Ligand SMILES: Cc1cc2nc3c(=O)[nH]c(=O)nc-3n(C[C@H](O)[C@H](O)[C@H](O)COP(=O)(O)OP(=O)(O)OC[C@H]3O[C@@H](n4cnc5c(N)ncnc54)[C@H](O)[C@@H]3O)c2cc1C
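Take a look at this single chain, the form predicted on its own, given in structure tokens.
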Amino acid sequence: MGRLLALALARQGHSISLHDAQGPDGAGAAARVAAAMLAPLAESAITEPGVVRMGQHGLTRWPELLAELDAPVYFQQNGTLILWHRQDAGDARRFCGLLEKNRRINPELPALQHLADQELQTAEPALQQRFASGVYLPDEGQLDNRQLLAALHRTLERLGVAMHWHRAIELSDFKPGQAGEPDFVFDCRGLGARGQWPALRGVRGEVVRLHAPEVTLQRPTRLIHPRYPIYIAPKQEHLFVIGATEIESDDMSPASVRSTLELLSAAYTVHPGFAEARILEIATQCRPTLPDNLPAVRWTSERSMEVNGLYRHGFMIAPAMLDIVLQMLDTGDCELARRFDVAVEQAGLQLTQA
């Protein structure tokens, strides 16, 4: 969020300084660990309609944002495939029922496509008839989050943005508007902002990155699981990001054996080629989350703003949050915030209720 905003403002001609407690690779941030799937219909089963609308907005905006960068970023909009084993058919029906209900709420969402037998084989040949049926969600996408972080860094460098890495700071370290101080400060630190936004909490996730030369999947695939839907996001050069776990905890310790076994076992049932994959990384991170699991913008003064609470939808909704902030700066209004049900607060007084 911070890098996208810094880039947009630098392109408008502003002089920008970017401060980060970690380095340019994004280590220590949820953005580096995420799978970066852009799946508003799939996510509609667990989130609010406003977030879904932000996700739809993001599918349009991401190609525009990526086209402005100085390095290529893998972007795919080839839909999402939902699979399940026979014993989980009841859970799959409930999940698909939620998606259908949300399509009635938001008719702009694409229709689910139920696939069976040869239709499923045609959509995903690598499955080799290991599943009897599935559901295809058209138009959904994904990008490579680490390529994006690197491309943003490279573009910010070219634009002359002053970047201060490995410097942990607080909002109170700045006096915007005073001599020698910035005119405006934006705080996009995620959980790093808990000192002044105590409502923030961490929601832990665990992700495995694999290199699997024997596996080729055409699109992100979600597997209905008794405890939680597991996703497999295929990136370039047979890199796969596998995750699902969502634990109400800000524990940053290494992944548990149970979670790792569940993720890897589920991947193996989707494609046996994962048995010979190489584990590149097992990572944990905590998503910055507000009490209602929705993002928010908060003015702390006339010259400082916080953008936070993107939860598990960071890449999906980041373009919408970016456009909300830019609209508020440009017009003083927040029509987009109202359209997307994003809360905007000022000095403790909430102006727009999600």
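This is a predicted model, so every value here is computed, not measured. In this text, residue numbers run from 1 along the sequence as written.
Heads up, the form predicted together with this ligand isn't pictured, but that's what we're talking about next.
Contact annotation: I169 falls within 4.5 Å of this ligand in the predicted complex, judged by heavy atom distances.
Looking at G192, you'd find a heavy atom of it within 4.5 angstroms of this ligand in the predicted complex.
Although the partner is absent from this view, W299 stays clear of this ligand in the predicted complex, with no non-hydrogen atom inside 4.5 angstroms. This ligand is not drawn, but in the predicted complex it has no heavy atom within 4.5 Å of M321. Out of the listed residues L109, I230, V207, V270, V207 is the one that sits within 4.5 Å of this ligand in the predicted complex by at least one heavy atom. Q22 is the sole member of T331, S17, Q22, Q12 with a non-hydrogen atom lying within 4.5 angstroms of this ligand in the predicted complex. Partner contact region in the predicted complex: 287 to 295, out of 287 to 295, 53 to 61, 66 to 74, 322 to 330, criterion any non-hydrogen atom within 4.5 Å of this ligand. Counting a residue when any of its non-hydrogen atoms is within 4.5 Å of this ligand in the predicted complex, the hits in 311 to 341 run Y311, R312, H313, G314, F315, M316.
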